[in-house]
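The chain that follows stands alone, in the form predicted alone, written as structure tokens.
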Amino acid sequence: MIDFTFTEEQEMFRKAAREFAETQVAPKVPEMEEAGKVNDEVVKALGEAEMMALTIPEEYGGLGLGYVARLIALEEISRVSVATAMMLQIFGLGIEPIIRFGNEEQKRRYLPGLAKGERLATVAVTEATGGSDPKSGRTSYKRDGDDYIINGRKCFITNSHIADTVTVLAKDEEDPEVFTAFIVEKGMEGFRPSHEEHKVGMRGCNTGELVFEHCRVPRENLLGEEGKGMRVAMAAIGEVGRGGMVGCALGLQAACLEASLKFANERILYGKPISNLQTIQNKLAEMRIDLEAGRLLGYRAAAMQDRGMRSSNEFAVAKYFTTEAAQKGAKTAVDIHGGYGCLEEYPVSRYYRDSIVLGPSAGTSDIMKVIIARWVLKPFRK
């Protein structure tokens, strides 16, 4: 028997996450939009509500609730602020390599503070020369006694200017086919955030460039085995990164549908609400269909992940579908609002801008289709 419902505990958590989002995050959205920056009070509230502790094991100060719970939290937070959900999702991506591949000393050094929200995290893989192809990145490292020296630049890094702990992927200076992952800490010699991007959407979420100029990293900050860095980075991105984007997209879809339903029932045309028009009803129906289908794809993959099953391909499917549906749903919401959809006082204009940023994050839709195609063709290739 297949059960498609939340457990009683998960349903209680969903309600708590929604209350948190509506009371602690929603009131700060106008300020974040105006300032174009992460709101410190929201970050503090996330830590106090233990939203950063969801996937961290209990023995390291976390809640150990798993990835279905993480998806629930991201959907509910994204429903009021995609930018805040994006910040939290990348935080989860940044800590995952430590949870999976960190040694005991590293876990005890970093995870308790991260679980409390006292430290923020991100992952630095993307470069201007290799967005969807991390192997073409140029950031390199070399051994120097008991330390490693890293040189290079990473771009499009979410949480770039607020992160205290960064998982960095670099290639061996002498052997460009060998990649290693490191834990780089804020304040380390030779490491600094540089240019900060100004995005069309997700204005309350920081994105920018990180610079490594002879950055000295001690050997104890080597993450996993030397030469196994690509596995460390891609394992996290394939499931946690794409899974987080699914949560962000689902929340945005839900927000678009709710706003459209409210407007369609209040907007009077020819003496009747426009929700009486079959054209509007068709649009609303399509938005609901996409939301329900996306939830089934996303929560199925997260449930597989909680059971210890590999779910990167399933998350590629869910990520493709939900981010495409979010962009479609946001455009539909603007269309339903007509001229009002072009006014910033109506949230659908923000939803539309935010939806544009969802597509390329954690792998473009075209790259998702490449991954999915490899998956379906694998049985036919020797």
Partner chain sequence: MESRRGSVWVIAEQIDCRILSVSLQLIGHARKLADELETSVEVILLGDKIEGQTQQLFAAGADRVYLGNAPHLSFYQPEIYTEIIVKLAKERQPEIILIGSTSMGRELAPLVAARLETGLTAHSIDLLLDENKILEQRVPAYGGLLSIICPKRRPQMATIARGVFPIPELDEKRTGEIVLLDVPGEIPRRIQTLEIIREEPEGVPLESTPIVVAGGAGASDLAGWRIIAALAEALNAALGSTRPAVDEGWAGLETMIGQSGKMVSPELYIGVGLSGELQHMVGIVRAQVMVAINNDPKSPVFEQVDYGIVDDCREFIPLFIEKIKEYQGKQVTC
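Numbering follows the first chain given and starts at 1. Every value quoted in this text rests on a predicted model; they were computed, and no experiment measured them.
Although it is not shown, the form predicted in complex with its partner chain is what the next lines describe.
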{"query": "Contact residue in the model of the complex, chosen from E104, E266, D133, D175 - any heavy atom within 4.5 Å of its partner chain", "finding": "E266"}
{"query": "4.5 Å heavy atom contact, F321 and its partner chain in the model of the complex", "finding": "no"}
{"query": "Proximity of Y346 to its partner chain in the model of the complex, heavy atoms at 4.5 Å", "finding": "yes"}
{"query": "Any non-hydrogen atom of G271 within 4.5 angstroms of its partner chain in the model of the complex", "finding": "yes"}
{"query": "Partner contact for H195 in the model of the complex: its partner chain, 4.5 angstroms, heavy atom", "finding": "no"}
{"query": "Stretch from 153 to 161, 218 to 226, 257 to 265, 92 to 100 whose residues place a heavy atom within 4.5 Å of its partner chain in the model of the complex", "finding": "257 to 265"}
{"query": "In the model of the complex, residues of 172 to 187 near its partner chain [heavy atom within 4.5 Å]", "finding": "none"}
